[in-house]
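Consider the single chain below, provided in structure tokens and representing the form predicted on its own.
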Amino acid sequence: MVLDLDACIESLFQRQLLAESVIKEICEKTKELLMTESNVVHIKAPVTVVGDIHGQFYDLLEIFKIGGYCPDTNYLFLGDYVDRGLYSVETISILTCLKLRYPERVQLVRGNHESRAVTSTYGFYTECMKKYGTSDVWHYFTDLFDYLTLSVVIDNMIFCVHGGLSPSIHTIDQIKVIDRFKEIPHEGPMADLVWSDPDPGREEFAVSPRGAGYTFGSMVVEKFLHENRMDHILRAHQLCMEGFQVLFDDQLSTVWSAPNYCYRCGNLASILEIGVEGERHFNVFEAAPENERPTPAEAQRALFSNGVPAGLFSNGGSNGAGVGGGGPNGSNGAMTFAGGANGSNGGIDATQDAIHYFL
């Protein structure tokens, strides 16, 4: 039987799961497609950039309502499609189908959650077991994750990545030679690209409180942009209470696309629309309508699906740092999240601290 991608996409938009055999075929074909892509995919504007989604499928549908549907709108997704939310299977299923159906109009970057180590702990594995009664679907998708590109460059001017920069990477050409077809390592340049965070209080690199990657400051950003003749870095990976954050004299932006994260954080979300002249507009939105949200009990299960009690978390620091699980091996570390859109403190209360256990 010939794979009917349009029918698959329509079924997913109608909230219907795909058959396990169909997912297997889709993943195999998508791996063949992704294998031909570089570690640095070059695209042209206009494009709409989407940050972390984390299995919040109804909010992804809201993004399509706001930003437009494929193929009318070009999309760049910056990773972290799964875990935490209740609908990771539906989320990654529809994004994979759209990538396979419109390969030139949909770009999928790998995030730190697109790994076996992380998804086995933070929700995706459990969800696959509950919805299919087997781990096979989890294996199909986590094998696919090994093929996702590491970065995208828009119009040779905007460098896009899930996390951030690495002390091992000075030029784009160094990213192109990384062996990405594997599980995300615990350390090294590949890990840094999906784990690192900007720090407005620093100038250089420093050890990350996450337990993986680095924090990096203004001088690092300026040097990287100058060396590669670019003018902006665009990334996701950190919760922004206002939906986005701009740092370092407009040289770096964070876009966050999961509103009311874990169904209780109360944050806004955004998508970033980049025009043909390079103009950037953050389109800020709230969570999808309440009648399409999970019940409070379901939201609570989503938040604590890994069995971690709220008592393990502490208040955020002066720069909005929440404490929780950090490294890719599941060890405890400190979690960070971005604050206001202009770099202001984004600290939240102790009840919401638990939400930032693992971004």
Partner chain sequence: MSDGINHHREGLTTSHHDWTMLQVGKLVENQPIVIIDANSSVEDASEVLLKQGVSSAPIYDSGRKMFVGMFDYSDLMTYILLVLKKMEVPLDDQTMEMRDLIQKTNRSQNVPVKLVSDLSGNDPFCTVLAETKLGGVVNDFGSGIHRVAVMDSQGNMTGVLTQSLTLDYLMRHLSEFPQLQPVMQKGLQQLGLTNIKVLSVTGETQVLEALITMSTHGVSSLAVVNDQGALLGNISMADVQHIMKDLRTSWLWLSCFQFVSKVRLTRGVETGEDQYPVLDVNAKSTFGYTLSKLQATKVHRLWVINDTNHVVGVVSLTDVFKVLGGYIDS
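Numbering follows the first chain given and starts at 1. Quick caveat, the model's predicted, so the values are computed rather than measured.
The discussion below concerns the form predicted together with its partner chain, not included here.
- Its partner chain is not drawn, but in the predicted complex it has a heavy atom within 4.5 Å of A212.
- The shortest heavy atom separation between V220 and its partner chain in the predicted complex exceeds 4.5 Å.
- The closest heavy atom approach of T121 to its partner chain in the predicted complex falls within 4.5 Å.
- At the 4.5 Å threshold, heavy atoms of L193 stay clear of its partner chain in the predicted complex, well away from it.
- Annotated contact segment (heavy atom within 4.5 Å of its partner chain in the predicted complex): 183-191, selected among 167-175, 223-231, 271-279, 183-191.
- Between its partner chain and the residues E203, D146, D155, D136, the one pair within 4.5 Å by heavy atoms in the predicted complex involves E203.
- With the partner omitted from this view, the residue of E242, E90, D199, E127 that lies near its partner chain in the predicted complex is D199 [heavy atom within 4.5 Å].
- With respect to its partner chain in the predicted complex, the three residues M35, L61 and Q107 uniformly fall beyond 4.5 angstroms at the level of their nearest heavy atom.
- If you take 249-268 and check each residue for a heavy atom within 4.5 Å of its partner chain in the predicted complex, you get Y261, C262, R264, C265, in sequence order.
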